[in-house]
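Here you get one chain, nothing else, as structure tokens; it is the form predicted alone.
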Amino acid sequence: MSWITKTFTSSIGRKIIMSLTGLFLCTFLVVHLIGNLQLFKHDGGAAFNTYSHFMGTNPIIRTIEWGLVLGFGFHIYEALMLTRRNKAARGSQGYVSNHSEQNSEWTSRNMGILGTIILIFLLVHLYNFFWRARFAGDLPRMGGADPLTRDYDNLYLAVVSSFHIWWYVLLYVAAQISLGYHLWHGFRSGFQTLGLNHRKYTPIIKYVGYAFAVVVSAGFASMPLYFFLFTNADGELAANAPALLQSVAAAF
């Protein structure tokens, strides 16, 4: 076994891979959130469908997707391996109690549960949108007079339809809450694992990680809640929507 294999199959090596892939996936979350904010534009889904078409057909983006798949794959695999190794280590201690609830945070002790909720959501989410758009071919077309966009998949309608299903909205919001906790712990732990610790800068990283976790998870969670509570089946604001939302919508 080479030193490279020994390094990256050790506990610290696996944690380094977890940190690098986790921070890489954070960049994906930012891009994905910014793109999905197009859902809030009141243009019948034109902006979101154009964005989705670009992401699905641009060769550079399609190439980057493979890196994203590998990033998710390595992150999930290393998480499973670390969880398994930690359980085995605790089991070997017999009746010795280490009072983990007193020595670690709730998020640290439950990263496996949080990650499992996110993984279940991810599988449902990928099937509902990515699989249908790329392989199933059952999405409606945008139509309209514009020859450049009329043959685009109308993914906007698929999103709006899904966001009017109560159990999907519940799963989506639960996953975003889990994601927030996951990011809160993982962001600062990632920098710590990579040795980026400093008495002056570590508190800043901690608060940046907290802000990042809140903004990202709240941003994603706001989308299904907005459509479920305040729009009709076509994604238009319902008559009973708050006046403030109607004013904002009129501005866009």
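If you're wondering where the values come from, they're calculated on a predicted model, not measured in any experiment. Quick note: we count residues from 1 along the sequence shown, nothing fancier.
One more form of this protein should be noted, the form predicted together with a small molecule, which is absent from this view; the next part is about it.
The candidate stretches are 40 to 48, 26 to 34, 53 to 61, 201 to 209, and the one lying within 4.5 Å of the small molecule in the model of the complex by heavy atoms is 26 to 34. Put simply, residue 119 is close to the small molecule in the model of the complex: some heavy atom of it is within 4.5 Å. Shown alone here, residue 158 lies farther than 4.5 Å from the small molecule in the model of the complex, counting heavy atoms only. Under a 4.5 angstroms non-hydrogen atom cutoff, the small molecule in the model of the complex has residue 115 among its neighbouring residues. Interface membership of residue 183, defined by any non-hydrogen atom within 4.5 Å of the small molecule in the model of the complex, is confirmed.
Every residue of the trio 76, 82 and 193 has some heavy atom no more than 4.5 Å from the small molecule in the model of the complex.
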